[in-house]
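Consider the single chain below, provided in structure tokens and representing the form predicted alone.
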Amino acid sequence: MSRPRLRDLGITVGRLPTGPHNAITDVPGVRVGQVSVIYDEPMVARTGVTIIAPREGPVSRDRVFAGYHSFNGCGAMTGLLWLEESGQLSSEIALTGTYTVGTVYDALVRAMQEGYGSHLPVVAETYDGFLNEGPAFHVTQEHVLQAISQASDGPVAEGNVGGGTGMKCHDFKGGIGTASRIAPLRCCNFTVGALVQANQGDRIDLMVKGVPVGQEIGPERVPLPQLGPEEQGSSIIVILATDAPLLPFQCRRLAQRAVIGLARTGSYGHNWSGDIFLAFATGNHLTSTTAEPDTVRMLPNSELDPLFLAAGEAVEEAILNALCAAETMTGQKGRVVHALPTDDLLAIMKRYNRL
């Protein structure tokens, strides 16, 4: 039986309405595919890959404007130099564990032969080596191609899935989370969707709607993972999507607002944290392969505030959805990362009158 999302518990954050699935796939054309790799022999695998496809068809043939923000840079996201130089995203985005960035990168280049991908693809990582025996390099190119082929719109699986399979968050089990918001502008409404690979934060700092949940659920109630010195790092990857017609510098500004959702849940950017955020906008179509110019639109900067609000709210809820959805997992060497007890969460929120 799947665990509830945050709103299934009666807990809402923010004030903007969600899209129909409360997921990044509420942005028209955006699709998500995920493959989890879980087995115990010959080495323990608790890993996987998550693919975000910005368009229904190959994005290399209909590129999107994009921008990124590095809140703290102890992590990796490939392809950012060209993304910054060109302002365009021309590949699917892949999320995985630290050890398999190279394999996933090679697979996306290989996918070019099938009309997908780019020769400078975007692959981002967070560290799953507490539960997963990373040096075994469990994720293969075939796993990546499978995730691409399975990418679809609609509801998105969360928690211990895809690239988030082996992740922890605020010393609970973490992983993939997603959410969306409808941003009301004076001209019309646009959708902002967020997908996170949450592997960040300390238990004591976890906040839900301003409630110090991490302090309320101490190690005597839910044991902390026993981390070694090399495993103290914490990271989060945030992907933001919108159907608004934004230019690259506006996408970068939108990506910066992911910090708001991170802060509201109690993270502040640890020294060893890779907190890297990417935002892309599908409201323009960059299809010209000739000398003819593309025609693009741009929202006035003065109209962006609702999108900024939507981004902060969506990231906040995506992180909390990852925590709610993730299940207790045992990995290598018998190590255990426990799930956030949603019954306790609900009781705490009632006690603080936050429902």
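Just so it is clear, the structure is predicted and the values come from calculations on it, not from any experiment. In case it trips you up, residue 1 is the first one in the sequence shown, and so on.
The protein also exists as the form predicted together with a further copy of the same chain; that form is not presented, and the subsequent description refers to it.
Out of the listed residues Val259, Leu145, Ala151, Val161, Val259 is the one that sits within 4.5 Å of a further copy of the same chain in the predicted complex by at least one heavy atom. Contact annotation: of the candidates Gly269, Pro225, Pro184, Pro155, the single residue with a non-hydrogen atom within 4.5 angstroms of a further copy of the same chain in the predicted complex is Gly269. In the predicted complex, Ile217 stays away from a further copy of the same chain, with no heavy atom inside 4.5 Å. a further copy of the same chain in the predicted complex is not approached by Ile38, whose heavy atoms all lie more than 4.5 angstroms from it. The closest heavy atom approach of Arg252 to a further copy of the same chain in the predicted complex falls within 4.5 Å. Taking the partner from elsewhere, Thr282 is found to have every heavy atom lying beyond 4.5 Å of a further copy of the same chain in the predicted complex. Heavy atoms within 4.5 Å of a further copy of the same chain in the predicted complex are found in exactly one of 217-225, 193-201, 105-113, 161-169, that being 105-113. Residues Phe65, Tyr68, His69, Ser70, Phe71, Asn72, Gly73, Cys74, Gly75, Ala76, Met77, Thr78, Leu80, Leu81, Trp82, Glu84 are the members of 65-84 with a non-hydrogen atom no more than 4.5 angstroms from a further copy of the same chain in the predicted complex.
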